[in-house]
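Following this are structure 1 and structure 2, which are two forms of one protein chain, each written alone as structure tokens.
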Structure 1
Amino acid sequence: MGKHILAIDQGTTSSRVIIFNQEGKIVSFHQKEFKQYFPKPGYVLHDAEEIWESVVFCMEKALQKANLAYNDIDAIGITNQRETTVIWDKLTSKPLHKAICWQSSQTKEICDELIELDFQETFKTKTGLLINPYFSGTKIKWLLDNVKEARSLADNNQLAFGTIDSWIIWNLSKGKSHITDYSNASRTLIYNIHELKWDDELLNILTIPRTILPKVVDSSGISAYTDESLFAKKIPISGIAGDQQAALFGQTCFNPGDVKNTYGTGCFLLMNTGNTPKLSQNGLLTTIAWGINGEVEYALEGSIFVAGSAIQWLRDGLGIIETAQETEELARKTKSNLGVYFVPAFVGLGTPYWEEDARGSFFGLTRGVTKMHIVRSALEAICYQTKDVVNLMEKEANIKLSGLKVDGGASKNNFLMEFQSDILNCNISRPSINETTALGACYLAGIGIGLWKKEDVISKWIVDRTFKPNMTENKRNELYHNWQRALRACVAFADKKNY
């Protein structure tokens, strides 16, 4: 029957399981949404047990759809929403609190205090990240400080911390393996990405006891097995990576300078920088792409918080469209944006601005503006924001972009991809398998059991469509110049003191 790899893609709003065959083709797929909890403004929580149940449910369904049994699965690969933080009791395997989602800004005060104490540079140099609620470190501290019993359990060596990969593997192995991989560890704000170890100084600053931390393992290679009581056999877990790093792997961005952009709720651009960690002076993050046989490769990362979610807002907030798909046709109905620029800073601005207080703004509205222009400006904004990040990456890595590989839900929009190619003035390649995140986990797991080599998976990457630039230099410069004016105006509005 050939080999099969089961990829678990545990995302922010849903869990998915995709079964791939030996050729790296999708055999079956199942997805289940789970509940989001917003108990207070800025808080975003998940129920870790519900996440685990949704994963098991998707595994069962995907197997049924493929007419396969656990016995037919040769390896499991896991990719996950990053930074989301769980603590649990090692004896009972029960979480002590809801998981704190990466989106949750509930630790802003802790972050402000650390910045006030002048720790920004220490964290940045060691972890490649910034002190920001986005990362796990301050979430762990919040849980230890706010959950009764957490510290006393930690004192008894009975407490475990994990990102979602650790939590899933803990459950799959029935508590035998408490591990995470290099890529996930590098998003916690407590992992030294140069020395490849949990950093004592950072742990001290955040008052996090070492005993609660998982062991850091390779992203590819057998690192754990499912417990025999769970399925018909012990299945090796041989691929683990955070979602954006898995997408980089799934896009086979294996060489320094290779870049992918995922167009989902937000946009995440990652550039492979090989075995050198490039530290950014201008708001890009430095992160571990993956670690194989103890050797890690690094990436530069730019995070755009609002991309596809601006389209959701047009649909659910403004109600001017019914589906995300129709934005393509609407945008094509108008030849230009009519001078309208939209900065969708609903939750502040990420790379390179890191302006938490910025808010969404429209510029250039006149009476001639219709919903077509509004829609077009929202799509264009995704492309301009991407250009902001690409410009910075090129400068900091000293590499000229030769092309961009794309994936994610919004990359299906051909207008968006054409405009992106025009604005960047480079080719855009969209692969035939859009599920690159799960594909990355599948490749890592397949390589991890010796089914493929890295070279084999390169030949499996098939392009669906290439978009080539078709815009004059003048036009491109004019549009981008206006975008930057809009952006500066939006940032100025965020400054309450000066105006």
Structure 2
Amino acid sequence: MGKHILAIDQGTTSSRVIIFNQEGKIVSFHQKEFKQYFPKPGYVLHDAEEIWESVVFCMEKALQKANLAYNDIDAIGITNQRETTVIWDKLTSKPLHKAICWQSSQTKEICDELIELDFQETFKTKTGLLINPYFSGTKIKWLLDNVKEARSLADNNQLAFGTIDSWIIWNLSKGKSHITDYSNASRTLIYNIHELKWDDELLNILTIPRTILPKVVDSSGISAYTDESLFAKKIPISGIAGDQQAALFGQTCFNPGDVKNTYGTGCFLLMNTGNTPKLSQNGLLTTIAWGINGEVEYALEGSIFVAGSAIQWLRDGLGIIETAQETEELARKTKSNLGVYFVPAFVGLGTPYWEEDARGSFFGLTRGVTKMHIVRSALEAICYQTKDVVNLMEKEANIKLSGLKVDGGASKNNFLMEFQSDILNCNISRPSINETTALGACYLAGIGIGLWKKEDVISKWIVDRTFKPNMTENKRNELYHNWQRALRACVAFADKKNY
């Protein structure tokens, strides 16, 4: 039957499992959404046990669809929503509190205090990140400070912290392995990306005990095994990467200057910068792309917090669409946005603004506006935000973008990709296998067990469709100028000192 890799792709709103064969082709797929919790404005929480249950469910269903058993799986690769923070009891394997999602802004006061104490440059220099509620470090501090008995349990070496990869591996190994990989560690705000270690100074500032932290391992290579009681055999876990780094790998962006954009819950644009970390002066993040054989490669990243989740809001919050797929047809029913601009700052603005107080806003509404214009403005907003990041990345990396590789669920929307090509004025390449996040985990896992070499997977990347720009420069400039006006108005509204 050949070799099979099981890729767990644990995302922000759903878990999915994809089984790949030794050619890197999809054999079967299953996906399951899980509940989002919004207890207060700006708070976004997940139930870690629900996440684990959804992963197990998807594994079982994917195997059934492929007519395979766990005995047929040669390795497991894991990719995950990054920064989302879980703290659990090592003795019971029970979380102390709901997981704090990367989108949650509940640690804003902690961040404000750290910035006021002039720690911004200390964190940025060591981690490549900005002090922001987005990252795990302040979420860990919040949990330790606000959950009853958390500090005393931590003092007794009874607690474990993990991003979602660590939580899944802990459960797969029945508590035998408490690990994370370089890419996920680099998103915590407490990992020194130059010295490749948890940083004592940053841990002291955030009052985080070292004993709760996972061991950091390579992104590719056998780093753990599943417990025999789960699957009647030990399956090697040989690929681990945060979702955006996994997508960069799945898109075979192996050379410095290669760029991909993932259109998921958020939107994440990454550029491979090779063996050298490049620190941004204007709001881009410096991150570890992956670590293989103890050698790491770095990336520059622009993070857009709300992309596909804006479409989910149109469906679940406003109820003006029934499925995300409808948005393409609805957007095509209008010749323009009718002057409507939507800034989807539900949880603040990411790169390059980092305005956590900003909130979602519509501008230019008139009586003539219909749901088609609302839908179109939401799709266009994803493209404008991407242009904001691309403009900055081109300036900082001193290169002109010649093309962009795209992936993620929303990249299947042809209207979105056409408009993205128009507003960026460059070619957009969508691969034949759109699930590049899971594919990256598969490649890392396959390389980890010696099934492939890094150069082998390059030939597996095949273009499904190329989108070419078809917009005048005047029109492009007009649309983008109006977007920037809307952004400035949104940010001004967030500034309470103006009133």
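One-based numbering along structure 1's sequence throughout. Throughout, rigid core stands for the largest set of C-alpha atoms superposing within 1.5 Å between the two forms. Keep in mind that this is a model prediction, so the values were computed, not measured.
Exercise for the section: Quick one: identify the form predicted alone, either 1 or 2. Expected result: Structure 2 is the one predicted alone.
Problem - Threshold 2 Å Cα movement between the two structures for P236, core superposed - result: For P236, whose C-alpha is compared between the two structures after core superposition, the shift is less than 2 Å.
Problem - Yes/no, K65 Cα shift of 2 Å or more between the two structures with rigid core fixed - result: No, shifts by less than 2 Å.
Problem - Large Cα move at L487 between the two structures, threshold 2 Å, rigid core - result: Yes, because once the rigid core is superposed, the C-alpha of L487 moves 2 Å or more between the two structures.
Problem - Displacement in Å of the C-alpha of G368 between the two structures, rigid core kept as reference - result: For G368, the C-alpha ends up 8.3 Å from its position in the other form.
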